[in-house]
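Here's a solo chain for you in structure tokens, the form predicted on its own.
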């Protein structure tokens, strides 16, 4: 088998791993101190001891809260196939109390092969839920409610949460409520009557440590020796991978990326781009693949727009930045033209344009959204007199000027000497 075919198979294997949460989070769940182990212990204890429980999974988006929850639920469904019913709700879809209770009733009917009534009222569905919790408890079955975007359920009168948690106070019920939220203060959003019925257990999902990142990289990128791939190729691939992971330049790339976004989800996106950049002819990952992935993810659209600007448009952007540095936050086209004249007097060049030409360049910058009006008022005013502001940052403007090949010396000098 040719090297290109082997490389293509390896690429497909690594991509499939990145799309499998079970494969990704399994090695991070081996420790007894992991969130996976803690969550599984809490839910399994509730199942075995036939008690009610509630818990919140808190952390930034992309930190693996839902992935770990689904991993725990899939494992528990294998261990206790006949004693668990999972009800899934999402705050983006079911934050309204009536629609949420209707969805709970629908899923309970589907799970227990009952007839679902679309015309049932809120009270009917509430009574049905309470009755089903009682019947499941008597049958020693646990109902697990997974509430994604939990903070959205905490808006309004919170009748759903109250009905659910109040029903769990009875001796006969047997249920677990697992809330998932990116807000760390999600429990503080609860009303007093709801909070008093909540267990106040919380699991915090933090960004992975350097050791976890190292283990994750090796776990995802290493090729198995017992697969359809040739053993010699897999051994050589893993050897080259270890040399890359040990390289100081690679560690700097990973460190730079994690400084901007350290969640697991974004790390997987970074690896997906790096794997997609792998050259099939060489058959192996290289340091250049990870460099290209970093530059691709850290791409600044505004900075790229600056590269396509004309010399006059660059003049206008620099003049606006100079006005802002002098704390002149309110300015219009006429103010920019005065600054443009003073810059040209300080650095005389042949690049001096008439006001009507500058106005067309100014309008072009508005169209490209590098600058914008400060408010929506004053539509009746001429463009020259409406207040504007700069949308690009100082760093983006400076980097854009540096990467602009035909940028005049006066521009780069002005960008640095604001």
Partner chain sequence: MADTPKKSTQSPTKKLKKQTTSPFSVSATPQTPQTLDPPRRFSPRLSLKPNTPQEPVSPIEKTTKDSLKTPPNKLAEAPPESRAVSSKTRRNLSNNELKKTPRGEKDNGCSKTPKSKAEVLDVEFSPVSPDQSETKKRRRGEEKEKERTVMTRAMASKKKAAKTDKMSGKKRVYYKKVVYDGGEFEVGDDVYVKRREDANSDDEIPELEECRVCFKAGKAVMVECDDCLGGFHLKCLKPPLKTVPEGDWICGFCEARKLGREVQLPRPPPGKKLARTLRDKLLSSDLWAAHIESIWKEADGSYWFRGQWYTIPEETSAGRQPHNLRRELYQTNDFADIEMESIIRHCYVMNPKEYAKAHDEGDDIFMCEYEYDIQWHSFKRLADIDNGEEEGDDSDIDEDWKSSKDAESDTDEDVEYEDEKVKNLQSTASSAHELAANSRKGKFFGLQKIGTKRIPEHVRCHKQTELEKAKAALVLAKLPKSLPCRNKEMEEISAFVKGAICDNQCLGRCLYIHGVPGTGKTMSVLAVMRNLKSEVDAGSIRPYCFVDVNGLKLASPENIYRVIYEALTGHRVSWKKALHLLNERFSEGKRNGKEDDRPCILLIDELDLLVTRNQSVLYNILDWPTKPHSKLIVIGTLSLSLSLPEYLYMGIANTMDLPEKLLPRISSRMGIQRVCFGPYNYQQLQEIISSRLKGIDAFEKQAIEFASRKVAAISGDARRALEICRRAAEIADYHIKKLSSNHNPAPEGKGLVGMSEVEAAIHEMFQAPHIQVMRSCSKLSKIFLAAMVYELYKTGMAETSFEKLAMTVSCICTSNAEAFPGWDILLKVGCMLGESRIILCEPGARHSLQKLQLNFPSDDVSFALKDSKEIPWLAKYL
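Note that this is a predicted model, so its numbers are computed, not measured. Residue numbers count along the first chain shown, from 1. The term rigid core refers to the most C-alpha atoms you can superpose between the two forms while keeping them within 1.5 Å.
Note that the form predicted together with its partner chain isn't included here; everything after this is about it.
Inset, instruction - Could you tell me which stretch in 215 to 223, 246 to 254, 280 to 288, 131 to 139 has residues with non-hydrogen atoms within 4.5 Å of its partner chain in the model of the complex? - result: Going by heavy atoms within 4.5 Å, the stretch is 131 to 139.
Inset, instruction - Please pick, from 390, 358, 69, 365, the one residue with any non-hydrogen atom lying within 4.5 angstroms of its partner chain in the model of the complex. - result: None of the others qualify; the residue that does is 390.
Inset, instruction - Considering only heavy atoms, tell me if residue 276 and its partner chain come within 4.5 Å of each other in the model of the complex. - result: Taking the distances in the model of the complex, the answer for residue 276 is no, it never comes within 4.5 Å of its partner chain.
Legend entry - Contact label in the model of the complex: residue 239 to its partner chain, heavy atom within 4.5 Å: Contact check for residue 239: no, nothing within 4.5 Å of its partner chain in the model of the complex.
Inset, instruction - Give a yes/no on whether residue 169 approaches its partner chain to within 4.5 Å in the model of the complex, heavy atoms considered. - result: The answer is yes: residue 169 has a heavy atom within 4.5 Å of its partner chain.
Legend entry - 4.5 angstroms heavy atom contact with its partner chain in the model of the complex for residue 60: Yes, residue 60 is a contact residue.
Legend entry - Residues in 111 to 143 with any heavy atom within 4.5 Å of its partner chain in the model of the complex: 112, 113, 114, 115, 116, 117, 120, 122, 123, 124, 125, 126, 127, 128, 130, 131, 132, 134, 135, 136, 137, 138, 139, 140, 141, in sequence order.
Legend entry - Rigid-core frame, C-alpha of residue 397, shift of 2 angstroms or more between the shown form and the other one: Result for residue 397: yes, a 2 Å-plus shift.
Legend entry - Rigid core superposition, residue 331 Cα moves 2 angstroms or more between the shown form and the other one: The answer is yes, as the C-alpha of residue 331 shifts between the shown form and the other one by 2 Å or more after core alignment.
Inset, instruction - Using a rigid core alignment, state whether the CA of residue 320 is displaced by 2 Å or more between the shown form and the other one. - result: Residue 320 C-alpha, core-superposed: shift of 2 Å or more.
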